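One chain follows as structure tokens, the form predicted on its own.
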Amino acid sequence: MPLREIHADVLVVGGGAAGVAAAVGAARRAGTVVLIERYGFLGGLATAAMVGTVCGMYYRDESDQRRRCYGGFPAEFSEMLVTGSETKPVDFGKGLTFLPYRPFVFRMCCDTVIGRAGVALLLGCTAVDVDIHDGKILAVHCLQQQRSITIYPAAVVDCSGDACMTVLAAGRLLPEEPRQAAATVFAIAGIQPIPTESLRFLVIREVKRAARQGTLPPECERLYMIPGLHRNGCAYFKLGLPAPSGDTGHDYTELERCARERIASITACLRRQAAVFADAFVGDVAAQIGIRTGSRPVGCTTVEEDDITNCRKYDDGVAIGVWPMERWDDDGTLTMTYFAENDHYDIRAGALMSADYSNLYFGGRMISASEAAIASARVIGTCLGTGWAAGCLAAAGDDGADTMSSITEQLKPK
């Protein structure tokens, strides 16, 4: 017998940006909402991988205009984030704008909004099995610190990032295509006072020099400084890594070990070669490497590449995307595929709804989307939008069709 049983109107699996948005959206419409998260903190890859930037909150515009694409909860959350991080929007070229943030602040903002919404939160909790009957998820069996918990939900929103519910239920997944390169984020502290642009140039120059001399692996040249987060002698960096094949756990394990070795080597190299780094040290390292894409379930509809490039709009659109298709290949090459400025594409409700299980919904980077399409829709701003929409649809249940117009209205910028 399970140690504990919980009945919920909506169960949200995964407490990243999409999961937090889904839980808050559902809680504002449903009675009992439960959110489970395998880590001891919220934020998903935004905190565990210390992404450091919220992309997808502003329309692309090469003029001096900045136009927010989302209102409602995504805007509310992002405002909390930049206020707490004491940052401001950064223009990144080609009309793109993003919001830098501090990972700890992201965690605290998640705690705040989940607490205010009255969501029942279970941290350190992992789903291990599901009961299915007649195309519906009846129960989700979990472990929390070796305690067995069974949750009986009316609806489930999977924001795990790896299609956890569909995998446990043996449902269908979209075909695996070559995955994007991974990355690791870390902070170097103890840097002597230096202008941000000078620091960025210095790091690039010294790492390239060391790679040419053979004191650093050539792959270390895939290093760049995260804009907007250099303060008080501390700066954040992102280092490109190969894409995990997904075939074995050994592959992922080696990437994690390799990331730490390269971080230590880069920091030691900078201490030797640049006076401003003489007293520097590794101040923080992401809890896990950042995996940009993963398994995605089959939805009632699928977001395709031409939906994005043609900025398609749909009557059943419940969220939007504004970020270009951003692809990182194994060799460190970045390919950005842009669509029209000041325009967006619609993400249909069907892309957030399982084609196999009638009470299963998706949010975030595991919505039903092709590999090319998810390269745009995986960014945090869009995840806040799809998560919110999925939570609202799950809470509405059979009344979901009547809910679509209210979802889009609430997400419009004011």
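Residues carry their position along the shown sequence, with the first being 1. Nothing here was measured: the structure is a model prediction, and the numbers come from that model.
Not pictured, yet referred to below: the form predicted in complex with a small molecule.
The contact with the small molecule in the predicted complex, taken as any heavy atom within 4.5 Å, belongs to Cys125 out of Ile266, Cys125, Val203, Leu121. For the options Ile149, Ala154, Ile188, Cys164, the one in contact with the small molecule in the predicted complex, meaning a heavy atom within 4.5 Å, is Cys164.
The small molecule is not shown here, but in the predicted complex it comes within 4.5 Å of a heavy atom of Lys238. Although the partner is absent here, Gly171 lies well away from the small molecule in the predicted complex, with no heavy atom inside 4.5 Å. Contact annotation: Leu45 falls within 4.5 Å of the small molecule in the predicted complex, judged by heavy atom distances. Heavy atoms of Leu360 never reach within 4.5 Å of the small molecule in the predicted complex, leaving it off the interface. With the small molecule omitted here, the record of contacts in the predicted complex names 363 to 371 of 61 to 69, 24 to 32, 363 to 371, 349 to 357, defined by a heavy atom within 4.5 Å. No member of the trio Val10, Ala390 and Met404 reaches the small molecule in the predicted complex with any non-hydrogen atom inside 4.5 Å.
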